[in-house]
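In structure tokens, one chain follows: the form predicted alone.
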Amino acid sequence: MQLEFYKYQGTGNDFVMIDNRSNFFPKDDVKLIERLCDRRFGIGADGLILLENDKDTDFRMVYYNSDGNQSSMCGNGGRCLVAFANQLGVIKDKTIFIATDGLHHASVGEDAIVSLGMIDVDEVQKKDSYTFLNTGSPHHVQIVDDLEHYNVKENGSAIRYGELYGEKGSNVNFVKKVDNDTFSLRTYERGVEDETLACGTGATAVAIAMNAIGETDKTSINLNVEGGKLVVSFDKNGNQFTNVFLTGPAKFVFKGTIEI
């Protein structure tokens, strides 16, 4: 069977997009999804996303990591899916859609900039050497020296598979403060099991964590990721973070077909 796909990227975080409104895609075929995401034997991507019908919202997002397994929320993937829905004519400039962590509001602006509403965060675990929170996916956030030369894959893997987070593991973000409203980060993503050029839920986690531990008092924060720049904004009321938005580019790369 010939599978039509679209490729999108958001600050270097890349995804295979499939219009599955007719429910033709074999969603339980882990090996197929893994092969499609493979950078040597397939299309190549950090993840695969299905756009599906939903009776209560504009569409449903179904996200798979590159290991072929369905996973938790992906912020950059969500932004790219909004751009994809716009390209298909499913939505115009604003949307509400459903994902594994609930409803999301989003808007499409000029120059392929997509702003995505993320879940509220009401628990930030502050530890001596790191911070942990869930922004749709679990994230470990840790400030490090010399971020540019830090071994993200080795150190991230050790934390992800270590005793701290057990079998489920966690995404791991290493952070450097640039100034009061700007931070740089590098992320080890579980499911990809490597460093990615960007992680939307990770950027969101870093922005909230840095505010929560007092590294910044800003509620609109610039994030330098390996693949570009993102902005995370939120409202803060005590220990609760609401009206959280992740904003950045979400760009169409190419369209094609592949035999499956």
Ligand SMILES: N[C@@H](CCC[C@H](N)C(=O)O)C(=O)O
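Here the structure is a predicted model, which means the values were calculated and not measured. Numbers follow the displayed sequence, beginning with 1.
One more form of this protein, predicted in complex with the ligand, exists but is not displayed; see below.
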property: The single option of V152, I98, A83, M73 touching the ligand in the predicted bound form, heavy atom within 4.5 Å; result: M73
property: Stretch in contact, per heavy atom within 4.5 angstroms of the ligand in the predicted bound form, of 231 to 239, 24 to 32, 60 to 68, 37 to 45; result: 60 to 68
property: Residues within 4.5 Å of the ligand in the predicted bound form, restricted to 108 to 132 and counted by heavy atom; result: none
